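Given next, in structure tokens, is a single chain: the form predicted on its own.
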């Protein structure tokens, strides 16, 4: 029995090794097909916008898709790679087969496992047609010679071969999602985009200690780059109900009832603003079906201003002096909502998002029109930021007061973690 056991174990180990090496070989360059139909390139550009490819693969003020953008994770910093068709530093030598393997299996052309900060656990669900369009688009971009930056990861997370074990534990290669026969074609299309290309769960689903999405808590909310990310299901604390139209407005630019995307969501909105309307509306239809439609809260109409001012007089005074000019006009200042209580971040489990906005301000993407708010990092100390945040929480939210706000303000100021 012992011989049989060790024989079976040896065979299993050899089979696993054979499978590993067979799926991790270098794929030869193939330049036979480098002429692409204009319609295919056009659709590839639309898909790249729907997948926010530039947001991770473009460093600030640098050439598009040339890589270099840092992504802070609990395991260290990972840098976006150069995905322009440069032969030496980009993907210029990649064939369609090599590109497909990276997208679906998380293995690059040289056979190295890719870190799941690149969400191939979502991209594995993409259709062959969409992969071909994305490949055509990227291979027709301007080649940029930009060497990739080395990731800064702590041991043992910097040991790439361990990623093969991560994939065995967490990769679900069930393929392209099938439509739900009870739903509309638009809902099915939205489900495909959200669960695959747009990889919304990568930020809106909590992760375990090894960085994998917790499937049982799908869309329960998560975090990204030190920002709290709200749920996209019935656990959403949003005071103003979401619907298809408000979601479309928010994803495209700005919604009068909820405001606009900031932090990591800002790049998403900038990308979706260039995507076809029918695709963005499909995303809105799918997400709206998962979100609750809560009754209007009395807290929105019954502003607890006097009560909050009594509990936090210093915060009330600071708010009146530097915030009220824009935020007490009932939304008549462009790109402000009628009440700050409509912002989901004031109902979050922690104050990070509100602190980020106060310290870093709000600025529209280059060449666009949008909300503008100055940074108050130089004007306010940490204790003053804490006073304002505590006042806002007491006035506009029915939740418990946040603790350690001043310490959080000091940490965010010192780390400068905003993307």
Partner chain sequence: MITLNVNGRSRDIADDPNTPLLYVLRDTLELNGAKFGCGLGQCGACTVVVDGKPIFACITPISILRGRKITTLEGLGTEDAPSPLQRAFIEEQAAQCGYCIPGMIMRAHALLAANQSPSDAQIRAHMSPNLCRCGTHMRILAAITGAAAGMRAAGAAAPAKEEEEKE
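What you are looking at is a predicted structure, and each value in this text was computed from that prediction instead of being measured. Numbering follows the first chain given and starts at 1.
The following text describes the form predicted in complex with its partner chain, which does not appear among the structures shown.
Among heavy atoms of residue 38, none comes within 4.5 Å of its partner chain in the predicted bound form. With a 4.5 Å cutoff on heavy atoms, residue 372 counts as touching its partner chain in the predicted bound form. None of the heavy atoms of residue 138 is located within 4.5 Å of its partner chain in the predicted bound form. Proximity of residue 107 to its partner chain in the predicted bound form falls outside the 4.5 Å heavy atom cutoff. The candidate spot formed by 55, 58 and 147 lies out of contact with its partner chain in the predicted bound form, as no residue has a heavy atom within 4.5 Å of it.
Between the options 224, 164, 212, 326, the residue in contact with its partner chain in the predicted bound form by a heavy atom within 4.5 angstroms is 326. Of the residues given (156, 349, 321, 330), 321 alone sits with a heavy atom within 4.5 Å of its partner chain in the predicted bound form.
Stretch-level contact check against its partner chain in the predicted bound form with heavy atoms at 4.5 Å: of 310-318, 276-284, 258-266, 70-78, the positive one is 310-318. Counting a residue when any of its non-hydrogen atoms is within 4.5 Å of its partner chain in the predicted bound form, the hits in 364-386 run 372, 374, 376, 378, 379, 380, 384.
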